[in-house]
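Next up: just one chain, as structure tokens, the form predicted on its own.
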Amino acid sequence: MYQKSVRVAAIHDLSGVGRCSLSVILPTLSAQGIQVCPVPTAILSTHTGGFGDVAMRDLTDYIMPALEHYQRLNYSFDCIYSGFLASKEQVDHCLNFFEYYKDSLKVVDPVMADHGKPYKTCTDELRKGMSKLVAIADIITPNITEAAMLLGENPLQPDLSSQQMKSFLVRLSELGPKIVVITSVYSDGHYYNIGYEHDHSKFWKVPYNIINASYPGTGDVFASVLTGSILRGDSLPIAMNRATAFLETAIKTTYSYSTDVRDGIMLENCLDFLISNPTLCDYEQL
């Protein structure tokens, strides 16, 4: 019997070297049985984290013609998933995708900053545009720095109490999304990914261990595993648990080989984890 694929339109950039954005989103979603239809916003020879001058082609003028073609085909998507965007125009084109595919799950990874600092590409105009995407999203996946920026808080967040974590989650949900997941939260000597479901008034946290290395693309991996898990019908805490466990496994695997951190995590060695699809219940209520 023919089984319809679950389809995701992934609006992200593509870097040829350094595992991040579409180069990790495609395999992680595919390993979960999700069909990925990339809508590249730009093509880069490498990511921008330490490889020197990057060869880049901006594809802003490609996004709308792609959408118009899908409209003519009456082509459907179960999910529209956006990530790093380089300009207000690209934000506007994402809004057009969300507007046309009203019934699709709308996932926004508001890529703007990390480690307490905004990226060089994150202008005030882009921040305002990202807030518009967040307002109509169903799910958002900021790291703690991005969460603070969206709320107008100090991006350098200290040790957070349980009450402060809940406040961040609820305030972000009040901006629009029904599900909020914040990554890289430090609290009482531990690191967590935390989540909130507005419709059930439930708060969740998944602990993880860190190592002394920082790899590009980890936020893309987390968000794509989480998205795939939810599209397959998993509950939010199980999806958070799966994304956290997979990322921790991939990071520790990579670290053991002492590879150049610029190359990102050794995703290829770990995809069996997603294919085997273990049910993980190490989450806790926040």
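Residue numbers run from 1 along the displayed sequence. Keep in mind the model is a prediction, meaning the values are calculated, not measured.
The next section is about a form of this same protein that is not shown, the form predicted together with a small molecule.
Looking at 214-222, 239-247, 256-264, 65-73, the stretch with residues near the small molecule in the predicted complex, meaning non-hydrogen atoms within 4.5 angstroms, turns out to be 214-222. Not displayed here, the small molecule is kept clear of Leu150 by more than 4.5 Å at the level of heavy atoms in the predicted complex. Within 4.5 Å of any heavy atom of the small molecule in the predicted complex lies no heavy atom of Leu169.
Taking the partner from the other structure, the small molecule in the predicted complex has a heavy atom within 4.5 Å of a heavy atom of Leu44. By the criterion of a heavy atom within 4.5 Å, Trp204 is excluded from the residues contacting the small molecule in the predicted complex. This chain lacks the partner; the member of Tyr196, Phe77, Phe84, Phe97 within 4.5 angstroms of the small molecule in the predicted complex by a non-hydrogen atom is Phe84. Of the residues given (Thr60, Ser30, Thr48, Ser235), Thr48 alone sits with a heavy atom within 4.5 Å of the small molecule in the predicted complex.
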